[in-house]
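Taking the form predicted on its own, here's one chain by itself in structure tokens.
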């Protein structure tokens, strides 16, 4: 369903990652221990043009895990899933294992 939405300009469509609320052994984890605002990039726009007309591409690509700001973004519901649209410059960084 998210493939139907193609972001414009320097927008990035992100699906937030919901951390697990309990371990494999069944121990419940407190909410504060898993409060990392991260998500997976679903789709990206082509980029934005500068004053000279040169295209500045988006810094992330589809499939990247990214660190998101605590507030901001535009919530988008597609089907039964929730996504968020962010500007490229609002994304704080990429996460690597």
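Being a predicted model, the structure only gives us computed values, none of them experimental. Residue numbers count along the first chain shown, from 1.
Keep in mind that the form predicted in complex with another copy of the chain is not shown, yet the notes after this line are about it.
In the predicted bound form, another copy of the chain stays beyond 4.5 Å of every heavy atom belonging to residue 42. In the predicted bound form, another copy of the chain sits beyond 4.5 Å of every heavy atom of residue 16. Contact check for residue 81: every heavy atom lies farther than 4.5 Å from another copy of the chain in the predicted bound form.
Shown without its partner, the chain has 38, 49, 50, 51, 52, 53, 54, 56, 59, 60, 65, 67 in segment 38-71 as residues with a non-hydrogen atom within 4.5 angstroms of another copy of the chain in the predicted bound form.
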